[in-house]
Structures are given as structure tokens and as C-alpha cells.
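One chain comes next, on its own, written as C-alpha cells: the form predicted alone.
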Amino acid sequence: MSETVLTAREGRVAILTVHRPDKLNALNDQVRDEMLAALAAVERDDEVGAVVITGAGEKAFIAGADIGEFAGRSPFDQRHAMRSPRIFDVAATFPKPVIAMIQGFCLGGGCELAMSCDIRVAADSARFGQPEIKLGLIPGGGGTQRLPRLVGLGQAMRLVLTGDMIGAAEAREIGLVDLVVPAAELRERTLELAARIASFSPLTLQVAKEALRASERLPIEEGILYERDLFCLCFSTEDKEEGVRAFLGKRPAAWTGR
């Protein structure tokens, strides 16, 4: 049984909760290993259509890395600790939609994990930042790469070079989060969104996510061609046939993931 990552299910939605509330859910080696194991388990589970990642308690989503692990580490030690697979990259390339449900502090590695997710839903009381500069460090979980893609280079420079925290409203304004909801409604609204997404064909969701993620790495001309190929690939699936029949028959589709 995992000690630091709790797994729950609501319908077709798996909820992975980082459970270190006494440490503001800070990421340590154990959390990273157990999160990788939890993600692998829900990837294999055909009954899971979407994943929600969150933190225990109201104070923090994830308040960053466990800084106590940094003391005395050599560059070689740290490189070993950052070996692949890394939770940030696994979340970003996960075949099922991943939603970050964010409350309280979302800092450093926590912010980087949230950025790795496909959609970010934040409580109006949430706080965001990349404070590594204050430790003589830079973001190391993809923050210097994913943050500019979400908010633009100037805003990313401001957040990384100052280490300042910003509130949920500003995070929404600059594009760091996608939805901001009252804190009391965070769980209900996030799970409602996740359930709606999980109700669609799991195969089509995977293809849609792949097409969208490709926009981060491909020039527009190549991306359009790749989208066309993936669109045509959908015509080989049973779910496309079912979706068309259901639409024409004015009934709900019964997806099989084939």
C-alpha cells in the first residue's frame, strides 16, 4: 500500500492524492516513486477514463520539493535522483486526460507537476510560484520550458527570476490555470469536469490528447498534417462508427474503446 499517494475512484475518475499534509505535500523520492506506481496502475485500468491529481488538506496542493533532501547532495547525486521516468514527463505524456485540482500552495515542483497536467482547476485561494531562485537554484521539473509555453516568456521570466507568488486570479489571467472556482466548490467542480471528459471514448480521448500535445513540439504546418493523419486514423475505430450511429439515431453512444 502506498503511504504518500492515495488512490480513490469516483465512477470513471481516479483521484491521486499526495498525502504528506504535515510537509505541505512536498515532493520527496518516496512520493515520486509512489506517484509513478499509481499512474502506472490507473493507466492499466480500463475502468479509468480520466485522472485527477491533488494534495491532502486545504493548505497545499504541493508546496514544492522536500528541500531537506537537497542538503549535501552532489551534482551526481541529484542527477541520479532526477533519472527518468520523471513524474512531470509521465503526467504530460499520460494516455488518459490528467487534471490538477489545486488548493493552497502550488509552488516549485508542485507548480511544475500542475503544469504537466492537461487541465488545471484552482481554488480561488490557491497561490502559485517558482521560488527556486531564493535557494540558489532554477526550476528543475520542466518549469523553464512549460511555464513560457503557458504564460509567455515575459511572465515566465518575472515568476522565475523573482520567485514571487501570485494568486489564483492572476494565474488565470496569464494562462497558468484554466479554471478558478470557489474553494468550497473545488472538488465538486473538478470531479464534474473529469467525469464529463471520462464519459467519452477512451481511444478518442487518447488521440485528441496526442494531437494537442503535438502542437507543443511541431511547427504549425507539420502539426496540421499530423492532425489530419490522426483524424483519418479515427475512421478505423469502432467508436467512430458507434458515435456516428448514436448521433444519427439521437441516442447516447456506448463507447467500447476500440
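Note that the structure is predicted; figures quoted are calculated from it, not measured. Start at 1 with the first residue shown and count on from there.
Beyond what is shown, the protein has a form predicted in complex with a small molecule; the following relates to that form.
Exercise for the section: From the candidate stretches 102-110, 178-186, 148-156, 79-87, select the single one in contact with the small molecule in the predicted complex, where contact means a heavy atom within 4.5 Å. Expected result: That would be 102-110.
Handout entry: 4.5 Å heavy atom contact, residue 49 and the small molecule in the predicted complex
Key = Because no heavy atom of residue 49 falls inside 4.5 Å of the small molecule in the predicted complex, the answer is no.
Problem - Touches the small molecule in the predicted complex: residue 53 (any heavy atom, 4.5 Å) - result: So residue 53 does not count as contacting the small molecule.
Exercise for the section: Spell out, yes or no, whether the shortest heavy atom distance between residue 12 and the small molecule in the predicted complex is within 4.5 Å. Expected result: Heavy-atom contact with the small molecule at 4.5 Å: absent for residue 12.
Problem - Partner contact for residue 135 in the predicted complex: the small molecule, 4.5 angstroms, heavy atom - result: Although the small molecule is absent here, residue 135 would touch it in the predicted complex, with heavy atoms inside 4.5 Å.
Problem - Answer option from 205, 65, 194, 39, heavy atom within 4.5 Å of the small molecule in the predicted complex - result: In short, 65.
Practice task
Consider the chain as shown here, without its partner, and state which of 119, 174, 92, 165 has a heavy atom within 4.5 Å of the small molecule in the predicted complex.
Solution key: Contact with the small molecule in the predicted complex is made by 165 alone.
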